[in-house]
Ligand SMILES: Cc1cc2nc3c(=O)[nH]c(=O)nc-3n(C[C@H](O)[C@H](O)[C@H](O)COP(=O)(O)OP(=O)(O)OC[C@H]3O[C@@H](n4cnc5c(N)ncnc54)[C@H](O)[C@@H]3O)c2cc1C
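Shown below, as structure tokens, is a lone chain in the form predicted alone; questions about how it binds or moves come after it.
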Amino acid sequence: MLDSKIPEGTLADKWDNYKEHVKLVNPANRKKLDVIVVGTGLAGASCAASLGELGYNVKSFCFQDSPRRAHSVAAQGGVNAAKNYKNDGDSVFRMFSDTIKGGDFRSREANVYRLAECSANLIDQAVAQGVPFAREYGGYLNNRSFGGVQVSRTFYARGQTGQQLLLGAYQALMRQVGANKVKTYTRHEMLDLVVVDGKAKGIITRDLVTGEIERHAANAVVLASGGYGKVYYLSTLAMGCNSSAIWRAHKKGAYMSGVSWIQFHPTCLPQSGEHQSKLTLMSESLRNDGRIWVPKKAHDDRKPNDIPEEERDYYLERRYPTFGNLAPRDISSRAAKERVDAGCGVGVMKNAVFLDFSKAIKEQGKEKIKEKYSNLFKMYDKINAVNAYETPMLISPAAHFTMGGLWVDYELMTTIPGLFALGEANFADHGANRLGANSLLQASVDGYFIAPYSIPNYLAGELKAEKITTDHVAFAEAEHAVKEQLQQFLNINGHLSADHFHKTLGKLLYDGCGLSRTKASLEKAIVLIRQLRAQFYTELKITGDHTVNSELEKAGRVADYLDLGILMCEDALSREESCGAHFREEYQTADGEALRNDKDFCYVSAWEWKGAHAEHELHKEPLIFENVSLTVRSYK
């Protein structure tokens, strides 16, 4: 039975009650305890820095050449906080309610309320670190709106908010490195989790520079390795982003939850050909002033500025007049797909829609738009050689964020004691759809404010336990399994690259388990992915050897993606409803909106690995709503 460990008390008191009753570790004993943190994005860097500041011995791992290269750097638009600086009716409860509704009532009330409650503290923390948030003329911090809300609660640093927040976390991390409380291991990839007597006690890594396999022991392990959106191959994620850390932990006993809940960001640059390996994100903030439209007439090849106003379909404004162009991401992406499928798509591949700033420029002036978005317009111009001040941008939905991840309880601990998952690596806060600007928030809140309470609460019980070292047999067994898998990849000696399998898998998932799914498409995808997985183990070709070898790195990640892809489809197949980003075409309202089934599916799925040749076992955590009503999610 899954125990989410929700504290007692009213919703507003739960987090305070938890903090007041957690076990503590005195400063002298903290020096005796070791913690491994995998990932140096906002969640990982903030967690490692915070634990180092408390006095624990921390090892920080990333596969990049610097912690600053973690993918949090790519987030653009902003970070939410319920500070009500605009005096427009915002509050902690309203932010909680918006987030629960945005996730289509598929997340825990207690976790989401805590996220909103801690949001104000994050802004104070970031400002103290020197994060250069945008300010109004008088010096006050400025806000703007993001999708799915009717207030302005998003703090931003132009279109570089993730980068600036990450630099703040990085400097906090490096302060602890200088104090010898944190040791960083760059260009190291986690390849397995070591479990001793049912508890997480370390990891096996590969030095990506030398190829050496290493053992690292600790009293607790934290996974803050991000999401798995790169499973689709074409996504907004960097090429190196992968699911291997959480998937290897899953195979050691950590349950995976909400696996099929994948967010497609509505404002990305469209695919322009088969040559591409990733897609480019354009900040959601652009939808504050940009208007999205397509030609009313299908297959209209005229240039956008030649299409008169009366022949344009501002479909978000038409379908969702209350929220308009700031409808939530899942709804906006599906609406774009519906127009493209109807033959109204634009661009070279007819797979895009227009994002038009002409009205905003006319009303506010070009300089005001430049002030808000100049770096984003420059980026668009650099990529497309198009001046978006004069010609509408082309945008299209793309795989972006994974609401699913490792199942965690209120303390962010997985089903393996001593193994914690933070940020996008867990499923905890967003339900079936994440609201814009809540990703940076969750990662930061997990690392700065939650883990520094919940991890010591666990470690307090480990002080009298036997100290596990890397000489333990469990480390030898895990290292042997890792080496055996790497050698297996090298021995296959087929004729197809890891990229070939990754790209093929991505296409199968886009078609079968993408923006919309059906029973037939999911069943077909499962069959085809299983066939692809079998082909992978007979026809993979790895050039090079055990040393520096990016192809060998890719092979391990793609092998995990193939297993993950099957579970994504099985999760989507088992959930016979539509909710948030999970849109089963069989379950929709008369006007094409998601149709939830609260009677049968008001739960969080938690999948248990049963072995390479066995079916996953589904566990269910019921969702109980005491502070909001289960209503139809409408943005009309």
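Counting begins at 1, following the sequence as shown. Just so it is clear, the structure is predicted and the values come from calculations on it, not from any experiment.
One more form of this protein, predicted in complex with the ligand, exists but is not displayed; see below.
Undergrad: Since exactly one of 119, 107, 257, 438 fits, which has a heavy atom within 4.5 Å of the ligand in the predicted bound form?
TA: Of the candidates 119, 107, 257, 438, 438 is the one lying within 4.5 Å of the ligand in the predicted bound form.
Undergrad: Just to confirm, with a 4.5 Å cut-off on non-hydrogen atoms, which of 450, 75, 262, 331 contacts the ligand in the predicted bound form?
TA: Contact residue from the list: 75.
Undergrad: Going by heavy atoms within 4.5 Å, which of 501-509, 474-482, 438-446, 452-460 lines up against the ligand in the predicted bound form?
TA: Stretch 438-446 is the one.
Undergrad: Decide whether residue 114 counts as a contact residue for the ligand in the predicted bound form under a heavy atom distance cut-off of 4.5 Å.
TA: It does not: once the ligand is placed as it appears in the predicted bound form, residue 114 has no heavy atom within 4.5 Å of it.
Undergrad: Within a 4.5 Å heavy atom cut-off, is residue 401 in contact with the ligand in the predicted bound form?
TA: It does: once the ligand is placed as it appears in the predicted bound form, residue 401 has a heavy atom within 4.5 Å of it.
Undergrad: With the partner left out here, check for me: in the predicted bound form, does some heavy atom of residue 224 sit within 4.5 Å of the ligand?
TA: So residue 224 counts as contacting the ligand.
Undergrad: Is residue 56 close enough to touch the ligand in the predicted bound form, meaning at least one heavy atom pair within 4.5 Å?
TA: Residue 56: no, not in contact with the ligand in the predicted bound form.
Undergrad: With the partner left out here, if you bring back the ligand in the predicted bound form, are 102, 578 and 602 all within 4.5 Å of it by some heavy atom?
TA: No.
Undergrad: Using a 4.5 Å heavy atom cutoff, which residues in 35-61 contact the ligand in the predicted bound form? It's fine if the answer is none.
TA: The stretch 35-61, when checked against the ligand in the predicted bound form, contributes 38, 39, 40, 41, 42, 43, 44, 61 at the 4.5 Å heavy-atom cut-off.
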